[in-house]
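What follows is one chain in structure tokens, specifically the form predicted on its own.
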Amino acid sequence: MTEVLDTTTSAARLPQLDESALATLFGGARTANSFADTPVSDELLEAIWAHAKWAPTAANTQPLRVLYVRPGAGRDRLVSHMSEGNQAKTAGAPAVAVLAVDTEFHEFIPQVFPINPGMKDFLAGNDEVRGQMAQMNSALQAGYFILAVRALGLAAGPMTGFDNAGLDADFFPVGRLRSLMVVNIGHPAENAWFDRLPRLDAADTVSWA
């Protein structure tokens, strides 16, 4: 006699977002180029990371670091490192996050990956592997960071158009952190969006094996 497995009770069923929530994160989300004067509280900025920190990373290494820059002298310094076309966007945002890679993320491995603390020593002696892990996983975390901004009702303006070396020397002079991305954060101003550019269809990007 063959036993039939009832998968409706044995398999975990994860909740699915409704269409409105999906649109907030994906299809309805846009990159903001200008922002309203509405302030963004410290509590809201802290909440962004409280959600973004759950991004999956290899061996749970979590190499991304976040520097929030408020308007003032620090913002003026940051704007000076932005490309000319990005300066006004960064100057006008209520909050800006500089996302950076911790090149010595392996120091935290005994804390974040206690099942294999010896990986710390392996990565300490292998700059190439450590660099690859840092770049890949911090980029993944940056994607989650942008989704967290959107999920909390804010608009994100991620940019890579800036002088990385100049910014790093100014804000991260110790040399351990290296800038990856600048993300302008706030509530969108009127007409904050450029026309949406086309996305590739599944026929051009997805295959099956």
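The first residue of the sequence shown is number 1, and the count goes up from there. Given the structure is predicted, the values throughout are model-derived calculations rather than measurements.
There is also a form predicted in complex with a small molecule; it is not shown, and the following applies to it.
Not one of 62, 129 and 140 comes within 4.5 Å of the small molecule in the predicted complex, counting any heavy atom.
Not displayed here, the small molecule is approached by residue 158 to within 4.5 Å at the level of heavy atoms in the predicted complex. The small molecule is not drawn, but in the predicted complex it has no heavy atom within 4.5 Å of residue 57. In the predicted complex, the small molecule lies within 4.5 Å of some heavy atom of residue 197. Contact between residue 29 and the small molecule in the predicted complex is found at the 4.5 Å heavy atom cutoff. Residues within 4.5 angstroms of the small molecule in the predicted complex, judged by any non-hydrogen atom, belong to 29-37 and to none of the other stretches in 43-51, 64-72, 29-37, 170-178.
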